[in-house]
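What follows is one chain in structure tokens, specifically the form predicted alone.
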């Protein structure tokens, strides 16, 4: 029997994960540009919020015979829909190492072991900026994943948003079908789609044209260098922003301290429990060493 779709909610708005790891079944695996969209049915978990993540591992062949991968991999959820038989979850993968290779190769009916939803989600726009009249979503590569779910949530609430997505090249792109909106602008470093250059070029122009400090809130997810550029732009323009950061994670619930990063005022945060979504003004830099899915 499926658990309540809403689940238990913590004081900071995050949906709390059930204890332990559970099995879900893969229901779809489809290519999308250079990525894979992996969808599984979670019969016993709650509906996550945009920005939260799951620790994923294949049911079979994970670490078999003493080989890699050993640990589960952290992935933001790109889409989540509750139904009578459970919650349908979609993740965006890129086959870049032993862990992502195993996950990207799963077929319909295969078992996917997951723990989640974990971490702090994106905040409602007016919690970030009380004067917010609209949101700007900035995604780079597979960093578009949590923004796809956020865009859907904002649209359901009637909150206007504009989405800016950037890709390195055509071989490292995909997931656009998750964004069903008219305000979608693209950038690519090789010029295969939209603006030839960086997605932050589009953001800079947009912030110049808006009364940004008073009316905008920026949400971003992508590679560390892109997020650092977003953080610096928003700081320069006085625009409120939240960043979904990426870091190596071994456990996902704060025990291993593998994802610790420094705070602007001193001390550290653990991205898996204090993030992955953070206030851009709370950190000195978004350049997280060792970020990447393997």
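Bear in mind that the values here come from a model prediction, so they are computed numbers and not experimental data. Residue numbers count along the first chain shown, from 1.
One more form of this protein, predicted in complex with a small molecule, exists but is not displayed; see below.
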Requested in this report: Mind telling me which stretch in 211-219, 156-164, 122-130, 95-103 gets its heavy atoms within 4.5 Å of the small molecule in the predicted bound form?
Outcome: 95-103
Requested in this report: Consider residue 247 of the chain shown here, and say whether it contacts the small molecule in the predicted bound form, taking contact as heavy atoms within 4.5 Å.
Outcome: yes
Report task. Please check if residue 203 has a heavy atom lying within 4.5 Å of any heavy atom of the small molecule in the predicted bound form. Result -> no
Query raised in the report: Does at least one non-hydrogen atom of residue 75 fall within 4.5 angstroms of the small molecule in the predicted bound form?
Result: yes
Query raised in the report: Is there a heavy atom of residue 145 lying 4.5 Å or less from a heavy atom of the small molecule in the predicted bound form?
Result: yes
